[in-house]
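One chain comes next, on its own, written out as structure tokens in the form predicted on its own.
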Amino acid sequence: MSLRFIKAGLQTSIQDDGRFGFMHQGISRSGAMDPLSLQLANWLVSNPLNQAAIEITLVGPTIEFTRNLSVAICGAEFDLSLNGKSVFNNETINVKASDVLEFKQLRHGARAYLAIAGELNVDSLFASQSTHLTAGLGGYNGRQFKTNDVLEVYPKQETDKRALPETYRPIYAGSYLLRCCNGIETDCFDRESLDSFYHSRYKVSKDLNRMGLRLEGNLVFLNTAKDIVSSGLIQGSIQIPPSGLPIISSVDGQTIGGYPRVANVISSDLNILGQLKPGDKIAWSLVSRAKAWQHLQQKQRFLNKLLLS
């Protein structure tokens, strides 16, 4: 083995960039809730950017390593210690056999990604090693890790140490602006309802998981009763159920839904969804599809300067 979970944490699982091309068969994408942090962690240990890593949610694990490895942690900021001494996010860490890495108090964000130089010894299912926790498939026996689980890694040699430049280190402030495009059913809402949605700040409910995030705040309603034909849902779809409180679909969400979609979070902001935790605040900004495409291109150019270097 290469590592053992002395403590497993709240929801610690294997995730890569997800499954593509299977939604028409009812299989949602899964994968990292914050794919940007996954990429950055893999870059720090010279892995392919979409390679499977360990996703850590809200309460982190304590891990004993059983061989020498190079690792890196990106995303949410925990107080981290290696054999009782502080280590930090956003830089390569070389660990030795018998070293113990502990994720202590969560400081900022919701999910961290522990990348390991090498490959995780888990099977690929539907072209991905990601764990779909709701369906119980993929990853480590289709589930999150438990205390005393062991994970085998096929390691690389220790990699050269890297550190992320400051400009690539996200800040998780607990208050976020999410940019949106109109949804398929936006026209089902009158101007008053749309103004109420876009000019309100919402709070993330404690009722959130990898399927979706429920929000608390101003109610939004259809202007007239209307039957909606169930159709495809993607990550970032903002549905309005009969309660009037928005639900944002996420990576393990259902592949079709029948609630009207008032808007959709643009692709370049989707990684923020993975860092939201109960009590965080959200404001919205409506952008055109052309502007959303511009934002995505700008973000990719910015990342390419680092990730392809």
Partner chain sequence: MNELSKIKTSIKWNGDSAVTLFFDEAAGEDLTRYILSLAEEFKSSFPGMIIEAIPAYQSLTICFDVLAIETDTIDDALKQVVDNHIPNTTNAVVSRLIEIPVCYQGDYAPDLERLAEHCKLSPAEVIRQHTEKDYLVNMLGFLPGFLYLSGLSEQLHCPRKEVPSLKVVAGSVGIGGNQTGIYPVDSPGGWQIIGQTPVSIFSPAASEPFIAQALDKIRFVPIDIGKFEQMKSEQA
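Predicted model only: the values in this text are computed from it and were never measured. Positions refer to the first chain, counted from 1.
Here the subject shifts to the form predicted in complex with the partner chain, a form of this protein not shown in this document.
Although the partner is absent from the chain shown here, Phe22, Leu125 and Gln300 each have a heavy atom within 4.5 Å of the partner chain in the predicted bound form. Of the heavy atoms in Gln254, some are within 4.5 Å of the partner chain in the predicted bound form. Proximity of Asp160 to the partner chain in the predicted bound form falls outside the 4.5 Å heavy atom cutoff. The partner chain in the predicted bound form comes within 4.5 Å of no heavy atom belonging to Leu10. Asp187 belongs to the set of residues with a heavy atom inside 4.5 Å of the partner chain in the predicted bound form. Proximity to the partner chain in the predicted bound form, taken as heavy atoms within 4.5 Å, picks out 24-32 from the listed stretches 45-53, 241-249, 24-32, 60-68. Taking Ser205, Asn121, Asn182, Ser200 one by one, only a single residue has any non-hydrogen atom within 4.5 Å of the partner chain in the predicted bound form, and it is Asn182.
This chain appears without its partner; in the predicted bound form, the one residue of Val150, Val100, Leu177, Ala135 with a heavy atom within 4.5 Å of the partner chain is Ala135. In the predicted bound form, Arg289, Ala292, Trp293, Leu296, Gln297, Gln300 are the residues of 282-309 with at least one heavy atom within 4.5 Å of the partner chain, listed from first to last.
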